[in-house]
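Only one chain is given next, in structure tokens, and it is the form predicted alone.
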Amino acid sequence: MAKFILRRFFLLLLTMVLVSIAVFLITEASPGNVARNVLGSFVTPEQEASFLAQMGLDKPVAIRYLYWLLGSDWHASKKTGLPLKRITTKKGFEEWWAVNEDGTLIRWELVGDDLVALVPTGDGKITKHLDNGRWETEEKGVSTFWGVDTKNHVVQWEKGAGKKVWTFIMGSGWMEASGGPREYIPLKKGFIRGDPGVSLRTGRPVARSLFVRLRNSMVLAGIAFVIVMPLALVLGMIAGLKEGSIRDRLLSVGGMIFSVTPEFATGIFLILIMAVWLKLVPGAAVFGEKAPWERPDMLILPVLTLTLVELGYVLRITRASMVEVMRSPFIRTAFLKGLPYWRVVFKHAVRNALMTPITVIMLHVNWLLGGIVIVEVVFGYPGLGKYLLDAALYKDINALEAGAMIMVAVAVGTQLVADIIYTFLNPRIRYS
């Protein structure tokens, strides 16, 4: 079993690498312009070029992928010749600083042709002083300097260039300034160190936003899973034990009705009946900064929608598996030996009939986390599926890649759990 789990772990790593490359290439080849998606259709070519450079989107695809996976701080540190360090301020903001030769933190800004160093003091203030001694003269006589700016980039300034740069400031719009860098390297630690970067759409760290959305989806999926799976298994086995009976027909037809009805139709019907007509529960699930469990009344309709959709599908799969097992020769042999009916059912039939439903259930765990985007959109639920949909529409590659990695980990992990459960249901199954 240990060797099997180890093989699955390496399979997980290989799958994550291949999926990450595929998502990166598909996003790159898909139509649309990231700058115009984020900033609007009236952005000028100069502003677009400035945005792409500041986000590092002007670099080759292979370089951007390596930055996303391994981080860019190791490469940027070679450019500056100083170690780089990320700190979290008292207000919760993340800032990158260079570590000076004496151990102090330092960043720079360009004021005219002067290089100004910013050094934090122990009381939380920042002191400034001229640092023009760091300019380096190239072969062509141009003075340049690689350093950390105040926007979490490592940049290359060129003395006397007076390059125009546009910065988007919330509430003020695009602000033009001179003395812009010649090259940008956005700083990040990389996915393998827990830092997939900043969302191009929101400007917030992807890891933080993704954690909140994943938590919300796990709450919704977990409640639906706990309700629907045991209920579907029990009803499916009840229907399969008496094939062709009225009970079987009612459960099968009811399950088919719920499984073929689209999620958005089921959700809208429930909103209309329970929220608008009866006024029993809220018709939307907008939590704001609150956690889902702080407003359990808003979870009722999304959970009920998922329950009805999943109930019919798993019920019919379980029913078909139970019918097949009850027709098996070993079940007939058990009856011919004179074993009691319920002993045959619970000791022999149920354990074998659960093999197929367990596979389906484990596959649907992945769907419950990221594939319930329709339910999340209908109810305004801030979950992982809706987050990935918005990221895809804006070509937000950092958010898309991180979300895809979570989905791959869940998919492979749930299949590993299913394989382990098989060994308890059927002792003949062994892994080595």
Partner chain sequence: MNGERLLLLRIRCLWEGFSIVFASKTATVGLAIVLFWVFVAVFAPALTPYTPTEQDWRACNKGPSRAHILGTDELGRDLWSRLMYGARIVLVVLPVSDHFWIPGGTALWGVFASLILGATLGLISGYHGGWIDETVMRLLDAMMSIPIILLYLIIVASIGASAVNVVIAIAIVGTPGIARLVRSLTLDIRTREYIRAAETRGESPWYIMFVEILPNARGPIIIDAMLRVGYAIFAMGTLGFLGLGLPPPSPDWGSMVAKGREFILAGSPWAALWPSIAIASLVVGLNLLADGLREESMRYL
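Numbering follows the first chain given and starts at 1. The shown structure was predicted, so the numbers you read here are calculated from the model rather than taken from an experiment. Definition used throughout: the rigid core is the maximal C-alpha set that superposes within 1.5 Å between two forms.
In what follows, reference is made to the form predicted in complex with its partner chain, a form of this protein that is not presented.
*Asks:* Quick one: in the model of the complex, does every one of N366, L369 and A404 get a heavy atom within 4.5 Å of its partner chain?
*Replies:* Contact check passed for all of N366, L369 and A404.
*Asks:* Though its partner chain is not shown, can you say which of G112, G203, P262, P340 has a heavy atom within 4.5 Å of it in the model of the complex?
*Replies:* Spelling it out, the residue with a heavy atom inside the cut-off is P262.
*Asks:* Ok, L278, V234, V142, V253: which has a heavy atom sitting within 4.5 Å of its partner chain in the model of the complex?
*Replies:* It is V253 that has a heavy atom within 4.5 Å of the partner.
*Asks:* Could you tell me if I317 has a non-hydrogen atom within 4.5 Å of its partner chain in the model of the complex?
*Replies:* Judged by the heavy-atom cut-off of 4.5 Å, I317 is well away from its partner chain in the model of the complex.
*Asks:* My question is simply whether L69 lines the interface with its partner chain in the model of the complex - judged by any non-hydrogen atom within 4.5 Å.
*Replies:* No, L69 stays farther than 4.5 Å from its partner chain in the model of the complex.
*Asks:* Could you tell me if V377 has a non-hydrogen atom within 4.5 Å of its partner chain in the model of the complex?
*Replies:* Result yes; V377 sits at the interface with its partner chain in the model of the complex.
*Asks:* How about A392: is it within 4.5 Å of its partner chain in the model of the complex, going by heavy atoms?
*Replies:* A392: contacts its partner chain in the model of the complex.
*Asks:* Spot the stretch among 122-130, 93-101, 211-219, 267-275 with residues whose non-hydrogen atoms come within 4.5 Å of its partner chain in the model of the complex.
*Replies:* Checking each option against the 4.5 Å cut-off leaves 267-275.
*Asks:* Is the shift of L69 between the shown form and the other one large enough to count as movement, that is, does its C-alpha move by 2 Å or more after the core is superposed?
*Replies:* Shift at L69: below 2 Å after core fit.
*Asks:* Could you tell me whether the Cα atom of H364 shifts by at least 2 Å between the shown form and the other one after core superposition?
*Replies:* Superposed on the core, H364 moves its C-alpha 2 Å or more between the shown form and the other one.
*Asks:* Would R193 count as moving between the shown form and the other one, using a Cα shift of 2 angstroms or more after superposing the core as the test?
*Replies:* After core superposition, the C-alpha of R193 moves less than 2 Å between the shown form and the other one.
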